[in-house]
Each structure stands twice: as structure tokens, then as C-alpha cells.
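Only one chain is included here, represented as C-alpha cells and corresponding to the form predicted alone.
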């Protein structure tokens, strides 16, 4: 079997509801979608979701190769980036090809990816994440109650611009989740808006009333001094890492004891790179947490990570042209037996989306809000509904 070609299909998707964090508090309901199709001479095709940039320069390193040689092909692509670095667009390209190669490998074996990766069972503990800064208090409660009714007993709230509102909304999230647990696990995410000192002051106020299990991105992603400062001065664990690209980026955080929970995903140089990051964390006895994904496809990888804690789950509606073989049951993402990622692309619906793109409010990626790391800019009138 040989790799013969690839194509990328891009489209726009209108979400069922808006999503937001403190950097773009008003939120968006329109996002770009992208699917890579990696083709072979035996008519088996691998896919990668959410990818489509930086591919042309890398394809020559895998063209004509046997797709089952996944790790070797990853090394070949990664070595080709030695001078320019595994960063930005090139990292997205590497990640995409690696993801499609793993999908191919599992499909050739006629097995779900979680089995190909050696997982013991096809299920992953989930936590609810509303991406909820733009939701009303009523919508916030409805989201977390809906998740709790699926057995999910942990939730993460977007915070950062208004302490009183953050405290009130933490209480709403806790109450909504209480049907799943008498003591639901609570988390917050400030998306790198604060300085380390601002983070410590804000989090300590929250911890007077709430038992937080982790605080996500309380300082810049690379600032191991600041992140360690926060970790040592609050009770909650510090979580970070999702905006990094490789094990090389993550190494300084771990070596300097600046992270307590490492956020991982396939953007860490694909499945191969994500597993490298998770294994490094495991060597330091650190848990990892998989970030959210269309159709929860990254649960396939999370299931095979021994030190994985729980995976982020949202429900804004991003599966318009996708069919997927997993479900949430008793607080876990339960994976099926469909081969590869367990995701199929409905080409007819994809073409409809491309021919008739939806309209809405969109901005991606999110920018960093004014005042970040220096002073807090509260929501302007009408910027958020609460």
C-alpha cells in the first residue's frame, strides 16, 4: 500500500449557540471547518479534522510511503522542519498528516484507533466545558444541568473580567452539576488574560467560597516562572499547555515544576506528538487532560494514555457533515468499534455547506483582549448578556 495524494475540504459551520472566553467576551457562532483526506492506492482514505494549512511542503516526505509506517513518517516530517522549527502553520501540517496516517493505520487493521493505540477499554471520563462567557445565567445553568444529566460531575467555567460575576456563575455551575454529584469538581479558565499576580489575587478570592480542582491558563503559556508562582500560592492545580505545539514546548513547564495538569491534544504535533507529551508528563507523575474536539474524536487517543484524567466536552454543534461512533453515558465518552477515528464525512452535506455557507458572527482564532497582563477591562455595556 502506498500514499498517493491528498485533498483538503474547507467549509463554514454555524453553531447551535455562541461560544466565548474573556478575550472575546461577546462570542462567535460561526467557525471554520477543515478536513484533510489522505489517499492510498488501495482506496482506503485517512482523515484529519480541523486541519488544512502547511501541507504542501510536507507531503513530499510521505508521498509513496506505506501509511502503516506512522512513527517513522512522523520523524521524517519532523526532521524536515529542523531549521524552521515545528511551529505555527508547519506544525498544523505535521499534525494533520500524522492524524490522517493514524486513521489509515487503524482502518487498515479494521479497528478503532483506541484499539490500535493499545487502550484497555474504549471509554474516557468527561468534564463539561460551556465555552460559556457569552451565555446568560439561565443558559449557563441549562448547559451544565444537561451535562450533569448525562452523569458528568465536573465543570469548567470561563472567567476573568468581573470577579462578582465569576463568583455568581461558579455557584450556578455548581448547583447545576449537583444532580450528578454532591460535591461536583469545579474548574476555571482565564485563557492567559491575567498576570501571575492578578491570577493569585483573583483565585484566592474564589477559593474562599469554592473548592477549585484546577485553574487553567492563569498566566502565559510559556511563562514557567509565573505559572509556578501561581501554583505555589493557590490551592488549586495549575493546568496549561493546549496552545503549545510539541514536546519541546512543554519540556520547560514540566522541568521547572510550573504545571500540575497538562492540557494535551492532537495539535501537539499529531497523535504521535501528543503521546510524546503525555509520556513526558507521566514520567513526572503528572496527569493530562484532553481538550475538546469535533465529534469528541480525540477521545480515541485519550483512552490510550495511562495518565489521562478527563476530557473536555462541549456541545455547540460542530458535526454538521460528520457521523461519529461515540456517546456520553454515565459521565464517560463511550467509544464504538468503527475503524479509525470512528468518524465518517457526509460528502453530500459537506458540499451543501460549501455551496451555501452559513452566515453569523465569527472571528477565529480569538484575539487577546485589551489590558491583558496589565489591567482588567470589564465587559462593556451589551458585550455580554449578564
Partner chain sequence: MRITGLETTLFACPPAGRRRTAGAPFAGCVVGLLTDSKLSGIAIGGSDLRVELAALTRQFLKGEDPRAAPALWQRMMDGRARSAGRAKTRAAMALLDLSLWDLKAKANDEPLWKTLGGSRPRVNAVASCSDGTLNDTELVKWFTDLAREFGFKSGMLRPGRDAGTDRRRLGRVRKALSSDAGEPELAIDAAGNWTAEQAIRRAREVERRFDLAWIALAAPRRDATGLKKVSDSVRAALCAGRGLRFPGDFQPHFQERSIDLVQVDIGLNGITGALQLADAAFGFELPVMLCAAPGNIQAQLAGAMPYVMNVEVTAPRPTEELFTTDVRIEDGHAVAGDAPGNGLGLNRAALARAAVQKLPARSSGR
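Positions refer to the first chain, counted from 1. Keep in mind that this is a model prediction, so the values were computed, not measured.
The following text describes the form predicted together with its partner chain, which does not appear among the structures shown.
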property	result
Contact test, all of 72, 120 and 276, partner its partner chain in the model of the complex, heavy atom 4.5 Å	yes
Location of its partner chain contact in the model of the complex, chosen stretch of 155 to 163, 249 to 257, 128 to 136, 194 to 202 [non-hydrogen atom, 4.5 Å]	249 to 257
Contact residue in the model of the complex, chosen from 174, 115, 145, 220 - any heavy atom within 4.5 Å of its partner chain	115
Listed residue that, although its partner chain is not shown, lies within 4.5 Å of it in the model of the complex (heavy atoms), from 89, 283, 84, 179	283
Contact flag, residue 211 vs its partner chain in the model of the complex, heavy atom cut 4.5 Å	no
Its partner chain contact at residue 60 in the model of the complex, heavy atom, 4.5 Å	no
Contact flag, residue 245 vs its partner chain in the model of the complex, heavy atom cut 4.5 Å	no
4.5 angstroms heavy atom contact with its partner chain in the model of the complex for residue 327	no
